[in-house]
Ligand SMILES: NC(=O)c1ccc[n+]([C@@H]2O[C@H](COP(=O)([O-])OP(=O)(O)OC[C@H]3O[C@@H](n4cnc5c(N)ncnc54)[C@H](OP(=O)(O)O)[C@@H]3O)[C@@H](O)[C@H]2O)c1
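Given next, in C-alpha cells, is a single chain: the form predicted alone.
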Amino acid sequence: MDLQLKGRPALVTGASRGIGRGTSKILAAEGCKLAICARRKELLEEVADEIEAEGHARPLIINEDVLPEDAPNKIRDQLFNAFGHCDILVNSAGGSRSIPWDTGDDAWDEGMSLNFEAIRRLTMALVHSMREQKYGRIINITGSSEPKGVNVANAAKAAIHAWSKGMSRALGRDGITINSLPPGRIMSEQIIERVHPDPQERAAFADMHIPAGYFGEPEDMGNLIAFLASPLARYINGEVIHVDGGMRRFAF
C-alpha cells in the first residue's frame, strides 16, 4: 500500500530512543522529509546514521529540549527554515514515574509541563500553518489514564486525550486530524531500564497480562503512526487507539 507520504515534512519529538526512534525510521523509509528532535544530540546522530545507512535521506536534527518556554518557536523555526512547513507532528517526548499521593507541587508542575503543556504548546506552534495548507496530521504518544497508583503522567495523558478530542472537533474541517496512541509494554529505554529490567520478569508479565504473549517493539507503534500520518487516514480523528497486544481490559 502506498501511504502517499513521499516528500511530506514530518517532525518526531523524543526521537532518540524507543517509540520515537522506531517511528522516525519508518517515516524515513516511507519517504518523508524528516526532522528528529530530542535533547541528546549524540543519539540523534545515531538515528540519522542508521536512516542514511538504510538508503534514505538523512533527517534534519533538531537538538532541543521541548520543555523551555521558547522551545516551540525554536523547533518550529528550524523546521520551517529547512522544509517550509510541517505536514506531520508526532509528539513522542514524555516521561513517567510514580509518586506518593501527597507529593508537592514541584513534581506535579514538572510532570504536567512535560506530558501535557509541552505537547500542547508545540502543537500550537505548528497547527496554524497546517490550517493554512488544509492538511495536518498530529499523533500523540500518550499512556494509560486508568492508573493503579498516583502518577503525574497518568493525569497528564488523560488531559491529552480530552484536549485532543476537543482539537479534533475544532480543526476537522481544516483537513487536520489529531489522534492519541497509548502504548502497552513496548521495548523502550524506560521499559528495559526501569519498569521491567529483568528479562525473566518481563516474560512472566507478558505471559500473565498480554494476550499476544510478548512485549511489543517500537515499530509496532510506528507502523500505525505512519498510517495515521497519511492522507489515507483522513476519516480517523479524535481517537484513542491502544497498541498493547490486547493487554488493556475495558471491563473487569
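Here the structure is a predicted model, which is why all the values come from computation and not from measurement. A residue's number is simply how far along the shown sequence it sits, counting from 1.
If you look for the form predicted together with this ligand, you will not find it shown, but the lines that follow are about it.
Enquirer: Counting only heavy atoms and a 4.5 Å cutoff, which of 52-60, 222-230, 205-213, 35-43 contacts this ligand in the predicted complex?
Expert: Result for this chain: 35-43.
Enquirer: Among 156, 79, 93, 167, which has at least one heavy atom within 4.5 Å of this ligand in the predicted complex?
Expert: Here the answer is residue option 93.
Enquirer: Does residue 189 reach this ligand in the predicted complex, with heavy atoms at most 4.5 Å apart?
Expert: Contact with this ligand, yes.
Enquirer: Can residue 242 be called a contact residue for this ligand in the predicted complex at 4.5 Å between heavy atoms?
Expert: Answer no; every heavy atom of residue 242 is more than 4.5 Å from this ligand in the predicted complex.
Enquirer: With heavy atoms only and a cut-off of 4.5 Å, decide whether residue 111 touches this ligand in the predicted complex.
Expert: Taking the distances in the predicted complex, the answer for residue 111 is no, it never comes within 4.5 Å of this ligand.
Enquirer: Within a 4.5 Å heavy atom cut-off, is residue 177 in contact with this ligand in the predicted complex?
Expert: Although this ligand is absent here, residue 177 would stay clear of it in the predicted complex, with no heavy atoms inside 4.5 Å.
Enquirer: Listed by sequence position, which residues of 59-94 have a non-hydrogen atom within 4.5 angstroms of this ligand in the predicted complex?
Expert: Stretch hits, in order: 64, 65, 66, 67, 92, 93, 94.
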